[in-house]
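There is one chain below, alone, in structure tokens, taken in the form predicted on its own.
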């Protein structure tokens, strides 16, 4: 609990067909990097029986030691938002792994176009008279933020982060929250209205340093809205727990905090440099 909690109730089962767990958790370490990830259904969706519309995917590229990861937030107004989020994450990370296998640098616009195409191809098999691209927008729209984290010999790491929509990323060092994406008010309004399968014409990755003792965090707006600029009680709680990598279930418990009015789905993916351990 942080502040005033929401009312206690038993979550309803998701009413959409197909299996969709309330909570997804992952956590592991390579020699250079430690990963934690969790996606939890928000209290509103637990109450009304909607499926969790967020998702994440994370993989290790053995040849380079890099971590590739994606976090997505399906647009709440579309029917298959939960599937759109899953398709975007899996497609983006698979494409990034293929580029690394080829010894090539990421082509971020092409990566996002591949994620978009995955939605269009899935939509093609769904009923409807509209064109597949329009159907994908109507059924599967989702934000996505993708990262490639490369370890360095000194134990630090460097991350490239690219996004479509308002899912975002931060670097946390001690109690200092540094947003990866610095945006003007105009940029913020534009980002909030964009979602796959639409891919913006202007698309680039931000590159950030991850010194030993810091952590890269990718999150959906269910995290970002509650966090704000990191100076409040949510930021304090996260900073205290994420100074080092907690066990996966403790990481998930932190994300699944109960606080009045903050009831959206929440997904958070964290990558810590291990400092040569």
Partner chain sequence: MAENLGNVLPVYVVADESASMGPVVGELNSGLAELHQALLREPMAAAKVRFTILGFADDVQVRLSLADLRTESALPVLTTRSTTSYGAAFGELLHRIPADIDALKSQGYSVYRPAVFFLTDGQPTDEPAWRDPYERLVDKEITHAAPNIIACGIGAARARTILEVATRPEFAFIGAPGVELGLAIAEFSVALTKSIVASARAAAADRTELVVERPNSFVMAVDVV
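In this text, all values refer to a predicted model and were calculated from it rather than measured experimentally. Positions refer to the first chain, counted from 1.
Not pictured, yet referred to below: the form predicted in complex with its partner chain.
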Looking in the model of the complex, is its partner chain within 4.5 angstroms of a heavy atom from every one of 43, 47 and 232?
yes
Checking 225, 29, 64, 241 against its partner chain in the model of the complex, the residue with a non-hydrogen atom inside 4.5 angstroms turns out to be 225
Might residue 94 be said to contact its partner chain in the model of the complex, defining contact as any heavy atom within 4.5 Å?
no
My question is simply whether residue 76 lines the interface with its partner chain in the model of the complex - judged by any non-hydrogen atom within 4.5 Å.
yes
Any chance residue 19 has a heavy atom within 4.5 Å of its partner chain in the model of the complex?
no
Although its partner chain is absent from this view, report whether residue 262 comes within 4.5 Å of it in the model of the complex, heavy atoms only.
yes
TL;DR on 207-215, 47-55, 30-38, 241-249: the one with heavy atoms within 4.5 Å of its partner chain in the model of the complex is 47-55
